[in-house]
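We've got the same protein chain twice here, in two forms, each standing alone as structure tokens: structure 1 and structure 2.
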Structure 1
Amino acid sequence: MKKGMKNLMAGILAAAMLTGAGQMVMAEDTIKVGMVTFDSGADAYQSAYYDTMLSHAKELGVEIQLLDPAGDATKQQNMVQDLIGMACDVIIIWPANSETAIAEVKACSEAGIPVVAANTDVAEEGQEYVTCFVGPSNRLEGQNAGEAMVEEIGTDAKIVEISNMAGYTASIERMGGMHDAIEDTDIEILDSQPGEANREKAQQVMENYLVKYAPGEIAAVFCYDDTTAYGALNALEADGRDDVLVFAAAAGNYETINYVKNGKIRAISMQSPIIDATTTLDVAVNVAKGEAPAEYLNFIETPAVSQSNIDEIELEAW
């Protein structure tokens, strides 16, 4: 896998007029950006990301075609073919499935259209067809939150985890980062069940854990996003179990800041969709102009927060 870490912010300014959702009418030489999102209606993060893409495209004076497969990997493959047919200058892909996205990026490459992987990378076998990745370092998010957990519960404790969807790179990498954080400790993971990034499902998983493990048996639950953490908290509060602390790899909801402030979530990495989207579009426009970034991986900042530093974090609300 190509390696590197670099925040890269660049852009161009031109006059523009927005005429419809996801589409802009420009001069003939205007850069045309195509993008397939993951599921813009699924949560606040993805909705803000989608809206920011539209508004930032207007600011930059570029034409943008935004297509949303609503999390369906097959639909996403068809939409990529549609964007290829539109003769886009660059295509941004936020994979619905990192494995199936290999065929998508290969098709773009064969059509001579550069690809920017957004937010979640394609599987390693497909990265040869991708110009660069822009988004969070999922592994670092998991590691930072995991280290904060170790600092609070100690190096000899038992925990459970609630994972996310199978085949989703972000979840896999965040899990790898948390496991890195506890590798040289005596922390034992007693159980791991998928919450599928769904609050209700995560709540059910946590309820089952609370039946299986009596008070005092587990020190913490580690979740891989804040939606999952909300579900775990619902179960803990309903059962009156304040003996289990909640940690999470990454937050996509701005309101999670309040959960950290009141101590319900002990530590988490904050991830801004506004920074994510604007940085991605800036990079994609430069790629379309033939100015590829020096490194494959271009990570946005995702500061780890806890009660000790939450007041120092300044992020635009979404």
Structure 2
Amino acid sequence: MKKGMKNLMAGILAAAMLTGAGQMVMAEDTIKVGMVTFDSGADAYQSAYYDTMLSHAKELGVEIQLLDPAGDATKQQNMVQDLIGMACDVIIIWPANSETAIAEVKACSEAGIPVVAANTDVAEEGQEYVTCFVGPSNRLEGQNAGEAMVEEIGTDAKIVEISNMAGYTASIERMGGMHDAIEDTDIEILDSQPGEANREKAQQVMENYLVKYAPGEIAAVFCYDDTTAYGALNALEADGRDDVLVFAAAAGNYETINYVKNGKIRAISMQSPIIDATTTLDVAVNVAKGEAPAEYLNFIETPAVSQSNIDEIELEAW
């Protein structure tokens, strides 16, 4: 029994010591930022965002408590409560779900802590409790990339799309933006299936599409993030088909940039997690100091990027 207990204790102690990520600067006047993310392990964008948050906090000299609910909306709510208990000066929330976030921001407001919504906005009913929003405009992103697509394939074509996880707010907004872009055209979306932001699953969906639609039947496939685009691309290359063009909203990974440069992905709307995180933290620190931005919506740039203008855009690889 002693051995078992010892092992258990050792295990827990070891885990505690592995917490290299915690910022334990105990200076009284340091601004304490609390943040709850969405799902840092899910994709490269979110990992980069997470890492940037930590490194930028170090640069600014603020203390940051960064919690990750792994995509679970109720866990996120619990974490927000924990952050309130830790007496943060400002809390940044990247809502796992815009509607369930309403209760979270209400709780912060009742506790007197200002809230910044990051990357995905809180639902309308909750916005009165939020100081401001910083992040990409998902709708605009979808629209930018959508418009780039219309320019390339014309106004009378058939396309397919591969969505992200079903019920994922950011993805839904991007889709809305893309659909807006094609609304006045005769472009028809023949099929829409979720690829779950998983490269392999997206590849399988695309492969199924390619069997279903003979060459020439569809002009393009629209994806809603990097990983989905790679999956689609892989399927196209494996099949040797080049009649279907790939477009993506909310992309911009190092790999993606290469693909845009050589034309394999025709156009994307670029979203950089580094800019996203840095801007958000800057604004949050200002809010904590009492200097909230004038506007509620503070969008980061998400320009449409294609082979033609890629050399003009400043890129930071992530």
Partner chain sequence: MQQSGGNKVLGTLKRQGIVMALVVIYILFAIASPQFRSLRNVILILRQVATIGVMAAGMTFVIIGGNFDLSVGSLLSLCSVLCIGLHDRIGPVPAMLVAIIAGLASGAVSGFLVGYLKLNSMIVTLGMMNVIQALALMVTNGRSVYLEDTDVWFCQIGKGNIAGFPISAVIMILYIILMAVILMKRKYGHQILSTGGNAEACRYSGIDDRRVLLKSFVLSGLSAAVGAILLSSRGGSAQPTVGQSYEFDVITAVILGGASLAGGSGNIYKTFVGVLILGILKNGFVMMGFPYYVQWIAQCLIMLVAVYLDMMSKKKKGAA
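One-based numbering along structure 1's sequence throughout. Take the two forms, superpose them, and find the largest set of C-alpha atoms that agree within 1.5 Å; that set is the rigid core. Because the structure is predicted, anything quoted here is derived from the model rather than measured.
Undergrad: Just flag whichever of structures 1 and 2 is the form predicted on its own.
TA: Answer to the question: structure 1 is the form predicted on its own, whereas structure 2 comes from elsewhere.
Undergrad: Core aligned, does the CA of residue 175 move at least 2 Å between structures 1 and 2?
TA: Where the cores coincide, residue 175 shows only a C-alpha shift between structures 1 and 2 that is less than 2 Å.
Undergrad: Given a core-based superposition, decide whether the C-alpha of residue 125 shifts by 2 Å or more between structures 1 and 2.
TA: Shift at residue 125: 2 Å or more after core fit.
Undergrad: Does residue 41 count as moved between structures 1 and 2, where moved means a C-alpha shift of 2 angstroms or more after fitting the rigid core?
TA: It does shift by 2 Å or more.
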